[in-house]
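Encoded as structure tokens, the following chain is the form predicted alone, with no partner shown.
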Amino acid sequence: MKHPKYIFVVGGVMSSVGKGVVTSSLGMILQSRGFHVTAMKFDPYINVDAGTMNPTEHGEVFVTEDGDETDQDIGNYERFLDEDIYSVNYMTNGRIWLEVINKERNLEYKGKCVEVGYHIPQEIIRRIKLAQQKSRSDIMVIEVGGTIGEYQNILFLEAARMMKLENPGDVLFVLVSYLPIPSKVGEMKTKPTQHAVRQMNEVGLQPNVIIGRAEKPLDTVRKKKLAQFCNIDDAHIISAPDVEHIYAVPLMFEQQELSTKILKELHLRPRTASAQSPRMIQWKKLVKNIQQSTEPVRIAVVGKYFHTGEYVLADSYISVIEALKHAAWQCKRKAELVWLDPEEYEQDPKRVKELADFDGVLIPGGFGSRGVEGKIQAIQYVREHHIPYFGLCYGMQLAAIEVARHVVGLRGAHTVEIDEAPEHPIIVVNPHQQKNILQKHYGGTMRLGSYDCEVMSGTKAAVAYKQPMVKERHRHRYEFNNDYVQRLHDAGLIVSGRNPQQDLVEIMELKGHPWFLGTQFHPEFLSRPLHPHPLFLGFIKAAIARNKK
């Protein structure tokens, strides 16, 4: 397209209002109109990437195909757009400032006085245009992290203002704002959103569309009030009430003809009628299937990144959660997920018996020593009681340690991540990571991104994948110690997937068990609602088989 279009999605009133889902949904419905769309995320943190952020504070770290550690919203973009998003589509304040400072140190500004108010926004604009060129997209949907009125994202908004000034017809602003319904008042209040719009106006921006997030749909009275005080056509105020699942959001937007309204604002003619679009037809089938999948399959997720104060933050494992749902829906089931804290098993080992009430047990990735012995107790229980088990990254490593301890008899088996000198180092530092750890180079230095995995024939992994070579995404520093491959193989824990370039263990599974399989990689990053991941499908099918018994 001669003049690519840019849609900036900004949040109002409070965080976690759903900007990521709105951005993803906008991309999907514009795709359905025949346009090539990509999505981009601005994170206001000074962190260079999301890899050094605590999951219980920030949520999941999503790894891209090319090995970038990004915000969890990038995962939503991939799941809704059904295509890969790369590192160029993600930026943080830290990444921008570091680039500008490095350029200044290298005299790339040719002796000019480098200014915050000009050169930082210009670097942001350069990256936006670079991402557009690399993706060759017609439309870019760009999510601005944080909430309007915060100083952390002010330079991103200034960059957007500059782009709007340069090409007024090519830039559009969407405000996603929350409309509270105080329980003692009983009325939906528009005033916070009015203030959010005024804060946008203060930085030179005016929303073209307001997405009104609330518990209930916006009524005509609220829309007219917002139109009057926010200087916007009431037809461009879109109601976004709470829904049962996020995949219903694109259809909710299209019922209000949002894609048509946006394309008109951007002076674009739709290339496809929304209702006749193969993409939209596919999506409607997905939502219908979700609605009809009511019979539960109960999965216990044993992890440590749940609790934040008195609340549970499921966002720490959002890709795992979505991957389980995708696979369950494919099997006409509803994934009923229960969060279990492994530290409770350490305090009271008898509690591990509660796992017998579940159809399957999953242990996701993680780091550190907290809850590890509780996880190993859980793995021993599901192995001995033939309960389907799926271990991801750390979940595979701990499964190998459990089998080494309790089947092979290697009582001193452990990972060097916790015990620097165990008697039997089942899990060791990746040789390429040793220098990084010694020099304390932690940011962006793990084994990251996509690597080959050769799948061994005659295994459950081979049955699931149906192909001998696959690519999977990684995020870890530690690997299975090949010195113990034969001893664990003799005990029934076999290597069913291996990286051929570095001879690294990628998949292990237990013979004679309904499903006891672990992966060194993170298969959840490749699962999408229209294309569930094969290993998650295999796990859910095994769980359903147990459920039927």
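So that there is no doubt, residue numbering starts at 1 and follows the sequence shown. The shown structure was predicted, so the numbers you read here are calculated from the model rather than taken from an experiment.
One more form of this protein should be noted, the form predicted in complex with a small molecule, which is absent from this view; the next part is about it.
Exercise. E417: heavy atom within 4.5 Å of the small molecule in the predicted complex?
Worked result: Taking the distances in the predicted complex, the answer for E417 is yes, it comes within 4.5 Å of the small molecule.
For this session: Look up in the predicted complex whether Q397 has a non-hydrogen atom within 4.5 angstroms of the small molecule, and give yes or no.
Result: Close contact exists here: in the predicted complex, Q397 approaches the small molecule to within 4.5 Å, heavy atoms only.
Problem set entry | Contact label in the predicted complex: H476 to the small molecule, heavy atom within 4.5 Å | Yes, H476 lies within 4.5 Å of the small molecule in the predicted complex.
Problem set entry | 4.5 Å heavy atom contact, G366 to the small molecule in the predicted complex | It does: once the small molecule is placed as it appears in the predicted complex, G366 has a heavy atom within 4.5 Å of it.
For this session: Find the only residue in V144, C393, L410, L355 having a heavy atom within 4.5 Å of the small molecule in the predicted complex.
Result: Checked against the cut-off, the match is C393.
Exercise. Going by heavy atoms within 4.5 Å, which of 91-99, 325-333, 175-183, 468-476 lines up against the small molecule in the predicted complex?
Worked result: The contacting stretch here is 468-476.
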